[in-house]
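Below, in structure tokens: the form predicted alone, a single chain.
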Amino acid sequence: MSSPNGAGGTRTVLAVDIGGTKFAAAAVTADGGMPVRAEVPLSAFASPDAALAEVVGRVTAQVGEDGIEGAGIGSAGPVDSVKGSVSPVNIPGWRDFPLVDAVSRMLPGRPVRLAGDGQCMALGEWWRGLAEHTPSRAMLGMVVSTGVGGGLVLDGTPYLGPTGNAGHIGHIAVDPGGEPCPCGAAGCVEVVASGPNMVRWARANGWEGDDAKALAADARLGHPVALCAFQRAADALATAILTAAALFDLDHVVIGGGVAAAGAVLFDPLRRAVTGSAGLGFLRRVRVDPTSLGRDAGLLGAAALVLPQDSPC
């Protein structure tokens, strides 16, 4: 890694968070500071490529391209960290899109690293969130939003897997005879628990609201269909969490994303479902918490992919 640079000699990297409906980017320093942040809705641009150029350009224009040492990217998946490409289920325009090359062209000569958005969320929480203050040997981070993603931090090390897709929990089948998923399988967690699919199911059962925020608001008011939508999501997420806990002996699960922002209407039934379905003693010790970093968890984790080795990460 090159010598310190950026304003006041602070090491600074670019973090990029690719979601199904929005792209975000930030300048992140080695102590977790975020002096510059930008976000754009994907729907406002003619193509995902244009949205990427805009959000990265907003950050580099303020920081100065020379002030950035490298870039970390967290993307909705699946990803291919070997090729540096992504094929997000919820971005049909990107199939085997060379995302690392695209960002590298914007930052010539700097390292660029890629991981799944759920993995970056987990890494951000481990580095600067709940897990920083409550040490966890085996943590699962989840993003429950337009899609459902996840990532693992095991013994203090992010585990990405050979292709970069380890922890992609949204495509665990919780109902093999269930609805088809855009990934090609059936009954995936994402088909039940992602925001758009919760809304779709609720509308099919008589609810008349507009989006996941409205669904959460009605659930808080006791609307039976809205409550049932969150219960279905909680049950699917609990099944996936306990499956992962049985495989990796998890002690902590941290969940972020737009659906998770609903708060108690998701977490109360989710915790009950996890506790009620956990059989073995080591499964019953799993803690389930909302992210402490909000929308910045993924950006911090993406930054941690490329920060200097002498940083806390």
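All values derive from a computational prediction rather than experimental measurement. Just count from 1 along the sequence shown to find any residue number.
Although not depicted, the form predicted in complex with another copy of the chain is the subject of the following passage.
For the marked spot (R58, G64 and R95), a heavy atom within 4.5 Å of another copy of the chain in the predicted complex is absent from each of the three residues.
Checking 109 to 117, 206 to 214, 191 to 199, 171 to 179 against another copy of the chain in the predicted complex, the stretch whose residues place heavy atoms within 4.5 Å of it is 171 to 179. Among D249, D49, E39, D268, the residue placing a heavy atom within 4.5 Å of another copy of the chain in the predicted complex is D249. The partner is absent here; in the predicted complex, the one residue of A262, A30, A273, A244 having a heavy atom within 4.5 Å of another copy of the chain is A244. Interface membership of A185, defined by any non-hydrogen atom within 4.5 Å of another copy of the chain in the predicted complex, is confirmed.
At a distance threshold of 4.5 angstroms between non-hydrogen atoms, L152 is in contact with another copy of the chain in the predicted complex. Although the partner is absent here, A234 is not a contact residue: none of its heavy atoms lies within 4.5 angstroms of another copy of the chain in the predicted complex. Another copy of the chain is not shown here, and in the predicted complex it never comes within 4.5 Å of any heavy atom of G129.
Taking a 4.5 Å heavy atom cutoff to another copy of the chain in the predicted complex, the one contacting residue in 209 to 240 is T239.
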